[in-house]
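Shown here is one chain on its own, the form predicted alone, set out as structure tokens.
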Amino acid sequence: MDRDQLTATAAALVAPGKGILAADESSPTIAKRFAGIQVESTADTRRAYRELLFTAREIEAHISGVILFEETLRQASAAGRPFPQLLADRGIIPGIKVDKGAKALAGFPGEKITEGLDGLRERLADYAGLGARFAKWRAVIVIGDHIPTPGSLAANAHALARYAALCQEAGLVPIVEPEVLMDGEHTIERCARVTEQTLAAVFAELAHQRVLLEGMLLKPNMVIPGLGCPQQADPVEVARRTVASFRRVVPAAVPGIVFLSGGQSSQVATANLNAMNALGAHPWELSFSYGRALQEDTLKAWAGQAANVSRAQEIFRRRAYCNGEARYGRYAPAMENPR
């Protein structure tokens, strides 16, 4: 393990004013997104769309890294430049999603476990050889009647920690993603309790597995009410409760927290991040690692048409800019539609 290299890469991923683009949708997931714009999902259309994102002008000012799907890591631009090289040449760090997805956890109805540890050491070596410098593994935590259980939290925390240790052994910064889902009718108070329980379990396992905290990043949910909860929360409340929960359980040695959007709209995800950073100084950088919240409007504008690429890229650049401003707590809705 090169501790200095891991620490430097983790710090670069949460550099001031920057965050991470999650472009790691699996083939089934991106097929659903493309179906929404009536575009067939093929290797060529997936490559064309991702090239649109990676070549948009000035995004390196706001995007520090990109999480790639394995197919994309092995693809190249129309001009023949491998995507990892294209990104690195722009000062954007290439990363890779390495988990194999969440499956039903045997013996725990309604709960899930993420698979993919088998053969991971060998895959990480391959990905590093292709240019990846960080990785991501997502665990899924469901809030419901009598769940999550201690057993499911322990199982997911252990898997996250083993993944993280293997990443650091291979020289890749692990992004540890325990996502407490928005689905359900739970209150913001319940989300806070479950989030704290989840993170406490995760950091206990990270310590057991000797993971270097300075050489990793945390990618969690924000503390928000369930989608079906009658009482929703404004950005100020989300920010206050999220930061309070994280101060209780996330060690200050972790260089950055890169929030997932978790189904929030583009503007809501940006406003919530902005409100957190507007609270003042924190022990860690508070950044973003958004997928749909960065891409949704861009995908609709593109609609699979080459003639729409320039306009779609400008929409993506503006979305990245707004989130970059939220890193400083100075985002305003007026920035969405500049004159």
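None of these values were measured; they are calculated from a predicted model. Numbers for residues come from their place in the sequence shown, where the first is 1.
The same protein has a further form, the form predicted in complex with 1,3-dihydroxyacetonephosphate (13P), not shown here; the description that follows concerns it.
In summary, the region of this chain contacting 1,3-dihydroxyacetonephosphate (13P) in the model of the complex, judged by heavy atoms within 4.5 Å and restricted to 56-64, 286-294, 303-311, 40-48, corresponds to 286-294. Between 1,3-dihydroxyacetonephosphate (13P) and the residues T72, N156, T195, S261, the one pair within 4.5 Å by heavy atoms in the model of the complex involves S261. Of the residues given (A320, A326, A22, L13), A22 alone sits with a heavy atom within 4.5 Å of 1,3-dihydroxyacetonephosphate (13P) in the model of the complex. In the model of the complex, none of the heavy atoms of H186 sits within 4.5 Å of a heavy atom of 1,3-dihydroxyacetonephosphate (13P). 1,3-dihydroxyacetonephosphate (13P) is not drawn, but in the model of the complex it has a heavy atom within 4.5 Å of R138. Contacts between 210-245 and 1,3-dihydroxyacetonephosphate (13P), taken as any heavy atom within 4.5 Å in the model of the complex, involve only K219.
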